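Okay, here we've got a single chain as structure tokens, the form predicted alone, with questions on binding and movement later.
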Amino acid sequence: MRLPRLFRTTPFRLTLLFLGLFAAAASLFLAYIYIATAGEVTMRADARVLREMTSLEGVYADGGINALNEAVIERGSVDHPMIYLLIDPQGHVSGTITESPVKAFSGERTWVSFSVADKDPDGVTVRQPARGLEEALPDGAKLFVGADIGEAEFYVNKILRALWGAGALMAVLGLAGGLFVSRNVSRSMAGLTDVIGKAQGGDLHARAEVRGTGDEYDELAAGLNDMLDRLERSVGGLRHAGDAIAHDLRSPLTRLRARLEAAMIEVDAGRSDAKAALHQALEDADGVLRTFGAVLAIARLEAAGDAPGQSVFDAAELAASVAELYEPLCEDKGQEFQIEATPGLTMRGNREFIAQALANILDNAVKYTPEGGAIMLRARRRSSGDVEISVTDTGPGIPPEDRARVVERFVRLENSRNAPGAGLGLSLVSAVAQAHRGHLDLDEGPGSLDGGGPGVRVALVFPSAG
């Protein structure tokens, strides 16, 4: 038979375990109290008996057996007497009892625990525990002295019963507390389990309740919610990436098919070379693949939230290494290229992504800056502590009204319609900046060159690594 779920919870089992340990400890504690208290009662009774025996021995030493007999009779007649028994050498008996509790007396001092009959307040005969000592006198007489310890043991037993009652009450309260805690824990865990079940069923909008108590369940709920947030962003990003790729590649693939169809017609008509048509098709296919890679990289960055594989590196060294690749291109186009990099620009991020973003910016600058123009690459630390990597050129620039739009995917301005590209360069740059908790700034360049264009300044700004 399966137990109810509440009784199968870990807190309830722990409660039972602790109650069992408590019961064992309480039993040992009560046993110690009983042994110690009973021992104290016996020790006190033995001390009283010894004092009385010594006193009677003194009477016997002073007045003999007759004086001892009178003392036993006199002391046995007072209220709440001790227990006395004197057997003279002729076998005559006097005292409060008629028979010695010591069986097979050997003549040596002998201690014995026994019981005596007594009347309770209702007149009922009860047996009370007692302690006694018997010894032989020099003339052959035997003297027994005992003490009733029933009242003392009654209080000891009363204390023990009170302790047992308190222990039982604590066990009941502990069990009730365990049930209460188990119920609260089960309720909290049931909420988390429900959220996990909904997430497994595909509902990524479900979230666990954070009660604000700051306990481990709140930490678990917050961690679960954060995990679900990341999972939802990741799944949403993948769905968005699929939709974006399907949407964004439709036009390049349509153009590729149209060019292939036109090339086939031209080749069939003898107006074009098949080899040249194949070369053009390969170039178009490479362009589609580049577009696919750029769209996928942007979608992944947007879905991840934070750039993966981050490490600490020197931004100035990164800028210098990228500059080495583009300086020869600028020389071939007759452009002036300069770099100003402040050393020691420590920052944290994904080096490959940032290098790709900087390469996209430099590629645009080289592409749109006319012959004789200038390109400046700078890496510096702002007064706020942020790291800035900027590229300034003297090309046609970007009108202020188009600067917010130019970072969108597949957006190309009128002055760049005839240049190769898909309009994804600055989109990837913006995605890299956002994935590093930074931003992309687009500003005016240094001014016109030979009466053409104000130029543009593109800056990647990243938060300080400190």
Partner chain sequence: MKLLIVEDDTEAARAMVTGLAEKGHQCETAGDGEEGLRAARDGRFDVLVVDRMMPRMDGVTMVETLRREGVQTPVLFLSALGEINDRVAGLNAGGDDYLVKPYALAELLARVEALARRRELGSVQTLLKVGDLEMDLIAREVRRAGGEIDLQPREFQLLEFLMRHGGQSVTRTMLLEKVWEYHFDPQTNVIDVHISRLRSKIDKGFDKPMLQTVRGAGYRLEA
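Residue numbers count along the first chain shown, from 1. Just so we're clear, the structure is a prediction, and the values are computed from it rather than from any experiment.
Below, we turn to the form predicted together with its partner chain, even though it does not appear here.
- Contact with its partner chain in the predicted bound form, defined as any heavy atom within 4.5 Å, is confined among 224-232, 357-365, 174-182, 257-265 to 357-365.
- Checking 207, 351, 380, 142 for any heavy atom within 4.5 Å of its partner chain in the predicted bound form turns up a single hit: 351.
- Checked against its partner chain in the predicted bound form, the residues 99, 332, 74, 151 give one hit for a heavy atom within 4.5 Å, which is 332.
- Although the partner is absent from this view, residue 326 contacts its partner chain in the predicted bound form, with a non-hydrogen atom inside 4.5 angstroms.
- Taking the partner from the other structure, its partner chain in the predicted bound form has no heavy atom within 4.5 Å of any heavy atom of residue 109.
- Contact annotation for residue 271: none of its heavy atoms lies within 4.5 Å of its partner chain in the predicted bound form.
- Among residues of the shown chain, residue 289 is one whose heavy atoms approach its partner chain to within 4.5 Å in the predicted bound form.
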